[in-house]
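Let's start with one chain on its own, the form predicted on its own, as structure tokens.
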């Protein structure tokens, strides 16, 4: 079994403590419910067509969530970084094949929990159910905003919105994957960035 660094559990506990009060017993239950999982760069947590068996808290590293269409083209839906969560809610709760792939962008460490352990944790630490409900609402809000930006804004506006949410993303994610997230070609992203830089120099 993988031996986790203490910092992974410390980060998870800190995440929950920012949102609810926890006793020492609650913290022990959380630590017992989540299991460590390490992934190498490019390794998949799960792939399209498989059941998503775990919900994962990103302790270190980063991930991309994407799907492959009928033509074999990849489409990046979003990125997950430290202190974010990864998974497929529909597959996790409905036990249906996932439409997504979750891939590590670098060597990464997760703390994962399955549905049975999560339900047991809700029973023993009821305040966490509210935390996860709020987290789900926030996640859906982000996805809705992303959808609205995608259908109503041009690529530059989408790029600026991405940078606003994650200013360091260009140091963490390859350009071609950012282009896929924006729905444009890598060369179009390069041209757009040059145009932005030129305008900023002229200001």
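Numbering follows the first chain given and starts at 1. Please read all numbers here as calculations on a predicted model, not as lab measurements. The term rigid core refers to the most C-alpha atoms you can superpose between the two forms while keeping them within 1.5 Å.
From this point on, the text means the form predicted together with the DNA, which you will not see here.
Taking a 4.5 Å heavy atom cutoff to the DNA in the predicted bound form, the contact residue among 136, 144, 175, 160 is 175. Using a 4.5 angstroms threshold between heavy atoms, residue 165 stays clear of the DNA in the predicted bound form. Proximity of residue 155 to the DNA in the predicted bound form: non-hydrogen atoms within 4.5 Å are present.
Contact between residue 41 and the DNA in the predicted bound form is found at the 4.5 Å heavy atom cutoff. When the DNA is considered in the predicted bound form, residue 14 lies well away from it, no heavy atom lying within 4.5 Å. Shown in the overlay between the shown form and the other one, fitted on the rigid core, is a CA shift at residue 23 smaller than 2 Å.
In a rigid-core overlay of the protein, residue 192 has its C-alpha displaced by at least 2 Å between the shown form and the other one.
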